[in-house]
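Consider the single chain below, provided in structure tokens and representing the form predicted alone.
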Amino acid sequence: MGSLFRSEEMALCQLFLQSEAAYACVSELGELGLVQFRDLNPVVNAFQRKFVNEVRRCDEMERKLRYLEKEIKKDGIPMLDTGESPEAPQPREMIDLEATFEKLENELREVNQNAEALKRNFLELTELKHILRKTQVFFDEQEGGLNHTTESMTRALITDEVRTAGASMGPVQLGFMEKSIDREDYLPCFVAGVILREKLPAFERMLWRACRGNVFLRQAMIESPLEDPTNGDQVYKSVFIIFFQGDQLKTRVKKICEGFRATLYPCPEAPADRREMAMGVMTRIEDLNTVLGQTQDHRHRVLVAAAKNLKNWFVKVRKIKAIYHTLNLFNLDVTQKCLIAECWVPLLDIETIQLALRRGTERSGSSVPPILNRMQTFENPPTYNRTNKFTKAFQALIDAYGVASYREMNPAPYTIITFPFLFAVMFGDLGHGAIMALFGLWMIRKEKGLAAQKTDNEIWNIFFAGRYIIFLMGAFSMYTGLIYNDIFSKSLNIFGSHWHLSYNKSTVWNNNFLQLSPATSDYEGTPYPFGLDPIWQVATSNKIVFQNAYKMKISIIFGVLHMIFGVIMSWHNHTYFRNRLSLIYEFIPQLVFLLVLFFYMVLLMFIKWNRYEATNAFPMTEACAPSILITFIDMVLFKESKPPGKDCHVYMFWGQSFFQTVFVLIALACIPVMLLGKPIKIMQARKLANEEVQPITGGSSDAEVGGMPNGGGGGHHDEEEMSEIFIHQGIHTIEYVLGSVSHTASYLRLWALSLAHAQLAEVLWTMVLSLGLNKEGWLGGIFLTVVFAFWAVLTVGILVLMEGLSAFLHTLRLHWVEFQSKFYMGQGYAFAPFSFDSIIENGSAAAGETE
């Protein structure tokens, strides 16, 4: 339990490993995850280290595995993940892995290239098939003389000389002229092709402008999408046929087609040739479909076989890479046969680490055992707090503020209780707390299955990581909801109200405002057994007034106790690090300052609640109860208080004025002690050290009066100038004195958010759900169902999620600023051990982000 309240004791060790056993030993340490290695080659370039070639080989294997993974995911093939972590392979197994990955990559690339070539050929044949089908309509129209517009447009393309020379030609021919005319003098006057549908309007405009209107374009859409062989996307295309006259226009048209990436295909003029070509195209398409299916089956078989081992391969390669990367941090001895490493290890785990090193040596077959020596150092060790699945989330909240200095008090175990409790004070509602607790409990019960899913949804991962926090916040909110007697803005009358209505029915119906006095028989004289009396639910006039006073006071009470507990925590730090100066000149005046001012104010609240009651005789009735706030302000200003009413006592107890004056004077006297005490003592210690004949070497002035050389809370002062020490202490004192006032007021957020949450719940009930409850009949049932669904969505979305997040952030601020600032330095650095689990987890997360 010691490591729960403080970080683990760490030791800096030197490790000697034989070269042939180094790989196996580091592998065992990676499985253990308890050793943080230091870089003994900080000035050596990463490309000049001993094992850089092995790291490069691992990078190349990872690249091939990522390629396989991308192809497997593209085909939607599930990858087998048993959840087991195979051991790191031996160095000689790298060659087999490299050969396997090389074979798989080459085979897959060859299959992909063949498939792409086949798909490209298939696309061309498919486009040609559509061209032959669509253009057949154009030729049929020409031959049958059905389209006079086409004929007239075609005649318009023929020059006057040709028209005069061929006056006796008859109908216009789309291909060659009459057989009597030489074919070499009259080239084909049309081209056919396929173009992307979105490019067609621009293509048509460009043809018209570039050819000055001397072309005739016909186009038809291909209804079914075609697959792009390069990226596999579905694209929509259109068939076009362009009629023109002359070589110059032909060249121009082809260049425009090339610019718009249109594909041109040969299209015979003769119907018999077109039919023959179409039959040949269909035959080739059928053959290609068969070959493509066989290619895809082969590719699928290769990927399915790879998917069974891909996760294990990733783990093995990452472990090999991590081992060689760690070995690059080591130094070689003079003989080049021994590797030397320095590492931080937890003191309690040295024996476990030695056993792991022994197992690694036995695996490698080395006869020389490894040597682990503990070193003396004045460096600050890393901070290592052991956590489990329950405490991990709470520790993460603390580390987000700052990693604890080495061996200073860890706030996490106390936060396990105080965090959900302060949250519940703001979020107190039995219904809303039950929703939150059930959600957290569901995640806890299903945590194994949910953790195995490994989703990339960041919001869900945050919720799941904090499942125990959510459950505790919900459970504590249920408790405070019972205290407030509040469930969805309504009350529970479990034990029966201890207030009774003494008015008759006509009085109640004819008066908007009626008052029940606790001094009469309206009140039984004993409070409600648990929480607020449900009678306050119907007290619409002064319910908020009463709850404001109640919640405001408990907020100050909890806040002052929380801050005093934080100051007491600093006592544990000072005594552990033997920091006598901070103990005397910081802890004592800080605690006294809080006690004589703010804890005294808390005592006044309890005295007021105890001494003043409605059933007491005058002047100890509720009308003569003084205001705590006014009393505290008068006390700080040395001002004489005024009686709250006629013939009422000014003070609540005998000698109150005298004690208040003494308390304020003591608080004022604490300020110069905090401001000057520690710097003056440090200055005196330095002066005495300078007067010594034998100079003091090592250790600081704090060590002379009881400091530790590497203490997390003591700090070093012998390097600082006295002016800096005075300035630092002055800032610290001003911050504490002013912060005590502002932090106390900051805890009023407990009251403010609790009031806002209760009012929002009441508004939702009054303005939404009550509308459905007031309807009658079967229509009312339908209307209530709709209204209830709307109310439930608003309740979960606004009151549970948004209000819950707001209360969570306010609670986090109260812990980080108001509580931890009293004792927590947070100037350490986290223990980052060499662990295969964290390396593989981070590698998987990084791979998911790159996708």
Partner chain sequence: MGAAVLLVLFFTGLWAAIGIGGSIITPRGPQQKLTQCILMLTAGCCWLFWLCCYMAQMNPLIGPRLSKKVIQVMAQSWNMPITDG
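Numbering follows the first chain given and starts at 1. Values in this document were obtained by computation on a predicted structure and should not be read as measured data.
One more form of this protein should be noted, the form predicted together with the partner chain, which is absent from this view; the next part is about it.
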Please state whether every one of the three residues V508, Y528 and I535 places a non-hydrogen atom within 4.5 angstroms of the partner chain in the predicted bound form. yes
Considering K608, R686, K119, R197, which brings a non-hydrogen atom within 4.5 Å of the partner chain in the predicted bound form? K608
What is the one choice in Q515, Q234, T283, N106 with a heavy atom within 4.5 Å of the partner chain in the predicted bound form? Q515
Contact flag, P91 vs the partner chain in the predicted bound form, heavy atom cut 4.5 Å: no
Residue-level question: is L355 within 4.5 Å of the partner chain in the predicted bound form, judged on heavy atoms? no
Could you confirm whether F240 comes within 4.5 Å of the partner chain in the predicted bound form, counting heavy atoms only? no
Does any part of Y503 reach within 4.5 Å of the partner chain in the predicted bound form? Heavy atoms only, please. yes
Based on heavy atom distances of 4.5 Å or less, which listed stretch (664 to 672, 212 to 220, 546 to 554, 441 to 449) is in contact with the partner chain in the predicted bound form? 546 to 554
From first to last in sequence, which residues of 461 to 496 have any non-hydrogen atom within 4.5 angstroms of the partner chain in the predicted bound form? F476, Y479, T480, I483, Y484, N493
